[in-house]
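Let's start with one chain on its own, the form predicted on its own, as structure tokens.
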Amino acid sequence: MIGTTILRARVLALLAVATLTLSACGVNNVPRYDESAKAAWSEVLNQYQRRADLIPNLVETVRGYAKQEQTTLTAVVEARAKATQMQIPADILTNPEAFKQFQANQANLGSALARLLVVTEQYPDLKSNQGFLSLQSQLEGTENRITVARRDYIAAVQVYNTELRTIPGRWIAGLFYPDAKVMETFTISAQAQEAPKVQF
């Protein structure tokens, strides 16, 4: 009876030491960093959705002043439809093809919006419309939020991927989290990397 009690006490003490050792060695880093990256991704999606929600009002406002810009307006509407109708797979963060497609759709929408805003410079009445100015301001703020959300996501993914690729995180992930995969991150298009050509 006393021997059994001592054995239980030793087993409990050994389990307590093992638990403290495992928690101190970063065994929880992989799921912690994974959740951080997923939360940052949710904020990226949230900001892209906010931008998509602003577009219909912006298009209608511009349409009222610039009817001859139908091609530009149609391009914005089509880019928005493509970006918002994409079925985002559950594994998008670890699926390079799906991630690239998502990024391309969002980049196309951003380009179409930029062309629309350039076109609006030709219409002084539109530029003085309070509704348009408010939408333009909200859109600019959203673009800034998208930039911040993407930056935060990139930082969170860097921490997570580093944990999966370095020791002891690599060993811990292999032992306790075998389904953990490196996550995708945003890249810059080849055109954006080229220096602009200035001609006089």
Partner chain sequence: MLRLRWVRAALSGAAVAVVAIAVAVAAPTFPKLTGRVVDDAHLLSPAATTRITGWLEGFEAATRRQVVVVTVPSLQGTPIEDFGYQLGRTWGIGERDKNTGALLIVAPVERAVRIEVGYGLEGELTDAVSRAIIEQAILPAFRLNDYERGISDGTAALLRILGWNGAPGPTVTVPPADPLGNIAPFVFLAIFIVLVMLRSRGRGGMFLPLMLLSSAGGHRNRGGPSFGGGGGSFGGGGASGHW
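Numbering follows the first chain given and starts at 1. Computed from a predicted model, the values in this text were never measured in an experiment.
The same protein also exists as the form predicted together with the partner chain; that form is not shown, yet it is the one meant from here on.
- Put simply, of 56, 141, 174, 26 only one has a heavy atom within 4.5 Å of the partner chain in the predicted bound form, and it is 141.
- Residue contact check for residue 35: one or more of its heavy atoms lie within 4.5 Å of the partner chain in the predicted bound form.
- In the predicted bound form, the partner chain sits beyond 4.5 Å of every heavy atom of residue 69.
- The partner chain is not shown here, and in the predicted bound form it never comes within 4.5 Å of any heavy atom of residue 63.
- Candidate site formed by 87, 119 and 122: none of these residues places a non-hydrogen atom within 4.5 angstroms of the partner chain in the predicted bound form.
- Contact residues in stretch 26 to 49 (any heavy atom within 4.5 Å of the partner chain, taken in the predicted bound form) are 32, 35, 36, 39, 42, 43, 46, 47.
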